[in-house]
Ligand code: 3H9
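Below you'll find only one chain, the form predicted on its own, shown as structure tokens.
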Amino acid sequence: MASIKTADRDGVRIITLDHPPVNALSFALCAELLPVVETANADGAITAVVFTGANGLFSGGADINDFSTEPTPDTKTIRDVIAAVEKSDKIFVAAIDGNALGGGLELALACDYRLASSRSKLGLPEIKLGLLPGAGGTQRLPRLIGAQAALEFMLKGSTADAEKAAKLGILDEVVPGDVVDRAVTLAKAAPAKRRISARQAELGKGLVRMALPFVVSQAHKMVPPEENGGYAAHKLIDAVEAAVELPFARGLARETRLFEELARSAPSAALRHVFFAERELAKVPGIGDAQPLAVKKVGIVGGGTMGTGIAICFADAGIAATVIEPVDEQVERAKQMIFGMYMHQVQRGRLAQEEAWKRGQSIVFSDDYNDLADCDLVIEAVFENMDVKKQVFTKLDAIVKPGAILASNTSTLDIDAMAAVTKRPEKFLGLHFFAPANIMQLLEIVRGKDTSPQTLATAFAVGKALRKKAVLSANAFGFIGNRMIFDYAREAGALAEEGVPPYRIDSVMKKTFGFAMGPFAMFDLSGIDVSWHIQQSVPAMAAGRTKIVDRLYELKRLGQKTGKGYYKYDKSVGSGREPIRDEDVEALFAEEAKKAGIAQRGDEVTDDEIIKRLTYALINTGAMLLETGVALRPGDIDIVYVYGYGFPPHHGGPMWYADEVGTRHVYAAIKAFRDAFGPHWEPAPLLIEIAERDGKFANIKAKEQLVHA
């Protein structure tokens, strides 16, 4: 079936991209599209051409798979199509209805006129894949809307609605009616071509040219260093600089060279891995054709910060939520949190006042469990204590309708033990949200031994409705994310015990490696009391060899919430959440290390050792989780860490990073750590197996039996 449809109307040829699901401009589609454009160019009866798209959108851009494919001399790309448009003497109009992203927008930029329906969204999101627009976008957009505006638009990589795109100057019109009809009318009446490439704009003249060095310099300073996630951003700035300094043809050649460099780069490969890993998440062996249950009303037990955040998630998805919270003071705090969050959204222009009110009102508080009787899904979000949770589920099971799903938001505890107190273990699972729940994108779906395929399908449908990255985990202590973070925390604590100050460890992991925050700042954010309670329940999960967590807990240094933890926090400085080095804690580490007989070697510990001990701890545990079936795929682990723990996306997640470094190198380092630091560094059997054949985690596929692990 042809992916390109054509129709003629009064001397105007309408070319429709019809390649579901997103009209991707793949090599194959471009091979079909190019001769269609060339035929229109050669047809004397055709005076103009209109590009549009089927399936409710214009085009989602290039096929990402093509970036990993080496084109042959015969391969046709969107650049060839645009070149055919450029050399034509006919009028070209882009009639955009729906998304015009990446190469789709670049095709539109090559046209003389661009029209869009009011529901359309336009964007050049290539930066999110570690790339830059490679089909003339970096040269045409600056000529159309100015270098600075174009640079900001491309560096953000976000989409603009039709109204904003028109204000920026990207669109000529926002059409209230049929955009193709209007495009045909305009094409017939258009006085002349308006190709951006032919414009002698003010880009390279006068004040703009004089200001260019300053603008470029500032832009380079505002993005991360090349080696720390900013590689594509710096190349993009260089491409826009070329648009100002060079003639169009030379600027286009510069863009092509820079694009090819990025397409072959490790950061882009990692970001594309994350892109594809996201799309694999819901492909779970064993679910089959199970149809999800409809979830129209949700109950949440617990109105603390986590429970309230979960309620906001559902309100944002248009799903009513009833929160059970017996303590009046906590209800008031929860309501203030909801009101404050939605007020902030309104003030920032992200939400209309009416919509904010509607969402806020969809969250109802009660102290009566009977108000949950008709819920389709009830999520427990109470204190992390098994006895308390069992009491909650015993009560819920007796009240909530038999067909409803019960879920725990536990971060570590046994799902099956909770399910056992109910008469519906097949409708029981874990839904582990990450704090703050209404902001963090990750959701761990934890399957119990009796969780049914339909229950899992419903959980993934809920995750999609909440716009979460939903990752399946087997029922094991800590699941995926927290089980791995314990070993990461162990090494961070061990390094501090050996005399490396927490601020240095955090600086290396954040500024050098690229984590969103360092480990000790993360511990302070989640709360030292959380770490303390986990260690009381599972002593083997202690973060180090000393009693440092006990000491901090005794001193009520619980982190940000008390203004002191591993760091100090001063409300009079900035947001009050910025960690401030605290030498008292460093002295506390030294004191505890002396008691434990731990030699101080902080001065000899290199940044490289810090990075390896923390990241390789993640990798080793990740390999163990894959081998035991707790995690389904290496990419699932990577998604957990990128979206739940701030692992730098340009390194692709822990398992992708192991492949990037080389599994042999990781294995060799872990063996050395075992010899130096003890048996807790014993290499995972799966890591040994892969490393000994110089293999990659990326080549591991999900196995059918893992769903039963």
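Note that residue numbering begins at 1 and tracks the sequence as displayed. Keep in mind that this is a model prediction, so the values were computed, not measured.
This next part talks about the form predicted together with the named molecule, which is not shown.
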| query | finding |
| --- | --- |
| One stretch from 52-60, 31-39, 663-671, 648-656 that, in the predicted bound form, holds residues within 4.5 Å of the named molecule by heavy atom | 52-60 |
| Triplet 78, 103 and 132 all within 4.5 Å of the named molecule in the predicted bound form via a heavy atom | yes |
| 4.5 angstroms heavy atom contact with the named molecule in the predicted bound form for residue 690 | no |
| Contact label in the predicted bound form: residue 501 to the named molecule, heavy atom within 4.5 Å | no |
| Non-hydrogen atom contact residue 99 with the named molecule in the predicted bound form at 4.5 angstroms | yes |
| In the predicted bound form, residue 12 touching the named molecule (heavy atom, 4.5 Å) | no |
| Option touching the named molecule, based on a heavy atom within 4.5 Å in the predicted bound form, out of 532, 383, 339, 276 | 276 |
| Sole residue of 230, 292, 425, 125 within 4.5 Å of the named molecule in the predicted bound form, by heavy atom | 125 |
| Residues of 231-266 having any heavy atom within 4.5 Å of the named molecule in the predicted bound form, listed in sequence order | 259 |
